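First, one chain by itself in structure tokens, the form predicted alone.
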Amino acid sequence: MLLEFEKPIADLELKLQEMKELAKGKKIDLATDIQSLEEKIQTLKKETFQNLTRWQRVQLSRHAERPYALDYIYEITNDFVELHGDRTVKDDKAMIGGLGDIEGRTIMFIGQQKGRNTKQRQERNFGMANPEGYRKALRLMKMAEKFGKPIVTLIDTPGAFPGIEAEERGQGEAIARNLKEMFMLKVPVICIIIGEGASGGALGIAIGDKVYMLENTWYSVISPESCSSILWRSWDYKEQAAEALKLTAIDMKNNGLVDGIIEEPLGGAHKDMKAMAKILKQTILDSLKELDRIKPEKRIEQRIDKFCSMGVFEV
């Protein structure tokens, strides 16, 4: 899958491949030309990805090859054990969670999971959790707190599932309860937006001591398409909506809504998943080292103060 702004790079990479095959097949010395083209490609990549529009970053966050929560979890942990069910309704496959080991330390991982193909997307409900998904997440958080295990959430959702049945089972109440309970968790909580971070669907597992965003992700109360459809009665203005929403990692950091931005490999996380996972793992370990030095009561106080200080208001 190629996004529109990636096509010029792909064209040059194709030429480079053809040049290498020609040099090998015809035994022609094209080393100088190959090196020159490689440098040109690298320069173009840097220029392209350093100057992406907000809408282009939204597109990149949805890239079909972008790593999902389980991809990262299996890459950075040993002996990951997935846990299922909310003990009330059923197991929501859009919300995953379980215990994994990183360098000898057990961590509770929770995150939204999308699918790669049509069958998986239907099974995972496109990463849109139902109330039971948020209740499962809270059950696992409480379990982690009971046994003194830190929590890491990986956020990637276009929003909580908006169906009638979800509302009937208490979607709003489930998310609201998660917000309340996450503020009071005694263990360290690290939240990382790895793809899409839309509305309450994302916020339902995003109250933490540290909140990070990957470089090419977005976090907003509404998606650009939905914003466009409300304001302009059409999806045709999604690019303008993305600019107005200021939803990128840089925007969120400048507004004090996240604690940091995690740099991605050049071209996006999907270009080098192992490198991205390694960066993610180190970020988690560094954050835990910092949070471990703070007493639980103080962490809770700082967590509450951080979120209460967000936004602008007048009395």
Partner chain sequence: MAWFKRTDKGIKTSTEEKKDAPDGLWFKTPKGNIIHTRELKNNSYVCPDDDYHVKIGSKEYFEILFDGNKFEELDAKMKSGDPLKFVDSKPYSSRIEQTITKTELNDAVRTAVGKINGLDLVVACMDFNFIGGSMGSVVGEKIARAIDHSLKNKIPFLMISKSGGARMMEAGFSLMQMAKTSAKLALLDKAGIPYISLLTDPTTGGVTASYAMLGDFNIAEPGALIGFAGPRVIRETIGKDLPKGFQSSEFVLEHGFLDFIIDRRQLKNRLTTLLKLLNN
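Given the structure is predicted, the values throughout are model-derived calculations rather than measurements. Numbering follows the first chain given and starts at 1.
Just so you know, the form predicted together with its partner chain exists too; it's not on screen, but the next bit is about it.
Peer 1: To verify the annotation, which of these, Arg139, Arg169, Lys149, Lys93, has a non-hydrogen atom within 4.5 Å of its partner chain in the predicted complex?
Peer 2: Contact check passes for Arg169.
Peer 1: Find the only residue in Leu52, Ile41, Leu257, Ile261 having a heavy atom within 4.5 Å of its partner chain in the predicted complex.
Peer 2: After the contact test, the surviving option is Leu257.
Peer 1: Look at the candidate spot formed by Lys45, Tyr68 and Phe109 and say whether its partner chain comes within 4.5 Å of a heavy atom in all three of them in the predicted complex.
Peer 2: No, none of the three is in contact.
Peer 1: Taking the partner as it appears in the predicted complex, which of 56-64, 268-276, 28-36, 243-251 has residues with heavy atoms within 4.5 Å of its partner chain?
Peer 2: That would be stretch 243-251.
Peer 1: With the partner left out here, check for me: in the predicted complex, does some heavy atom of Ser199 sit within 4.5 Å of its partner chain?
Peer 2: It does: once its partner chain is placed as it appears in the predicted complex, Ser199 has a heavy atom within 4.5 Å of it.
Peer 1: Given that the partner is absent here, does Lys210 sit within 4.5 Å of its partner chain in the predicted complex, heavy atoms only?
Peer 2: No, Lys210 is distant from the partner.
Peer 1: State yes or no: in the predicted complex, is some non-hydrogen atom of Val221 no more than 4.5 angstroms from a non-hydrogen atom of its partner chain?
Peer 2: Yes - in the predicted complex, heavy atoms of Val221 and its partner chain come within 4.5 Å of each other.
Peer 1: Contact between Met310 and its partner chain in the predicted complex at 4.5 Å, heavy atoms?
Peer 2: Answer yes; at least one heavy atom of Met310 falls within 4.5 Å of its partner chain in the predicted complex.
Peer 1: May I ask you to list the residues of 156-178 that have any heavy atom within 4.5 angstroms of its partner chain in the predicted complex, in sequence order?
Peer 2: The stretch touches the partner through Ala160, Phe161, Pro162, Gly163, Ile164, Glu167, Glu168, Arg169, Gly170, Gln171, Gly172, Glu173, Ile175, Ala176, Arg177.
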